[in-house]
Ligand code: LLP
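Single chain ahead, by itself, as structure tokens, in the form predicted alone.
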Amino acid sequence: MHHFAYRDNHMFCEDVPVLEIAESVGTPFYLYSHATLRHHFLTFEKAFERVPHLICFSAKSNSNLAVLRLFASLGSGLDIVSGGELFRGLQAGIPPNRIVYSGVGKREDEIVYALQSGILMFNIESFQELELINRCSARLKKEAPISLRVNPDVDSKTHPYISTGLKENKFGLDMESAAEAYKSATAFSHVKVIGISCHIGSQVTEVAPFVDALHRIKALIATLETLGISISYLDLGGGLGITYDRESPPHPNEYSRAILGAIGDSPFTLILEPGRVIVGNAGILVTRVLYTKRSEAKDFVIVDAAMNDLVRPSLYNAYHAIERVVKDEKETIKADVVGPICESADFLARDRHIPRVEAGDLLAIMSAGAYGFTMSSNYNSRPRVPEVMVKQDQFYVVRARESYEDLIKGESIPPFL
């Protein structure tokens, strides 16, 4: 569910007309509903309330400070994959002992930063990373809490670019070598094994792959117990999908019933890393029609948002519903909705049936709260757009629109030029 709805043919975010926000901040802009964010987080939290658990929101899906602060106030931890995400999480007030550091390519300075910050644990993805973390913690005279990320070789049946649990994916350690990796880890002087981790992919719309992965991880845990290696944290990652078009992903309650049924009675603290399922449908991208154009082949709707603002359609051929901010009774056309970027891949929709629009009309690109702004760029020297949050009948700019001066911040022309 979400709090974007029509009243008298005008789209509202909670109790604020989207048109009013557009007139105030200009377009394009990202718009988030505080009530939707809160509801989705608490729904996921409640689904696992009967077992020891920690929700670590996935920072990569939406790392705006206001969004992170909201989740921090609700007791969330954070799943991070970079030093920058760690910095954001700490700035937003998330306690370091509720932060889990995942990611296949942690740099030494990022590892040191995380050790000094006192995070809950590192999810280790290779032998060389394990060795480096041990060296860093020894130098700092600390003990690094770790889990090993295991690749369960499970097909999550999602887009190949966001599948992470197959043997051919770059993430984690394969099941065959995981037990030996754990034995090696226990021999290091400055790491402490406390958990096991897996993550099979993103935008997963079936429960079965999660359960399949969990059964394989449980078998590994049983093997580790025979080796005298005890596990305190079981990190199942994230990946639960949302409805963009016709998908029917499981509700968090259905997901939790399946997971908890597969776990049974266990001594672990369960770590879950939801991202998209919390923020995806809590945000939209609002854009204005600049021009319409008809060629011999098709109709085009040219808007002021582009692939640099929302890259998912270009990158994954992802579907985002497109709605008029102000509805009227116009005929439907079949058109490509495209942006100003000088790439043929710059589109938000292709061959989409939409109401006929005119220059100046506002469109809402739905389900854009996850992997929208966080994947945006300055390609074609386009300033990144503002982010706005609505709470009830008020709206707040939680990230200002970049200026042209921001585009060259940090650059310099050397004296020989």
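These numbers come from a predicted model, not from an experiment. When you see a residue number, it is the position in the sequence shown, counting from 1.
Omitted here: the form predicted in complex with the named molecule. The next part is about that form.
Screening 367-375, 382-390, 348-356, 65-73 for residues having heavy atoms within 4.5 Å of the named molecule in the predicted bound form returns a single hit, 367-375.
Residue contact with the named molecule in the predicted bound form: G239 places a heavy atom within 4.5 Å of it. The named molecule is not drawn, but in the predicted bound form it has no heavy atom within 4.5 Å of F127. Though the partner is left out of this view, S102 does reach within 4.5 Å of the named molecule in the predicted bound form, counting heavy atoms only. In the predicted bound form, the named molecule sits within 4.5 Å of a heavy atom belonging to K60. The partner is absent here; in the predicted bound form, the one residue of Q203, S256, N281, N151 having a heavy atom within 4.5 Å of the named molecule is Q203.
Think of it this way: in the predicted bound form, the named molecule has a heavy atom of just one of G77, G195, P274, G339 within 4.5 Å, and the residue is P274.
For the candidate spot formed by H199, R312 and Y316, every residue has a non-hydrogen atom within 4.5 angstroms of the named molecule in the predicted bound form.
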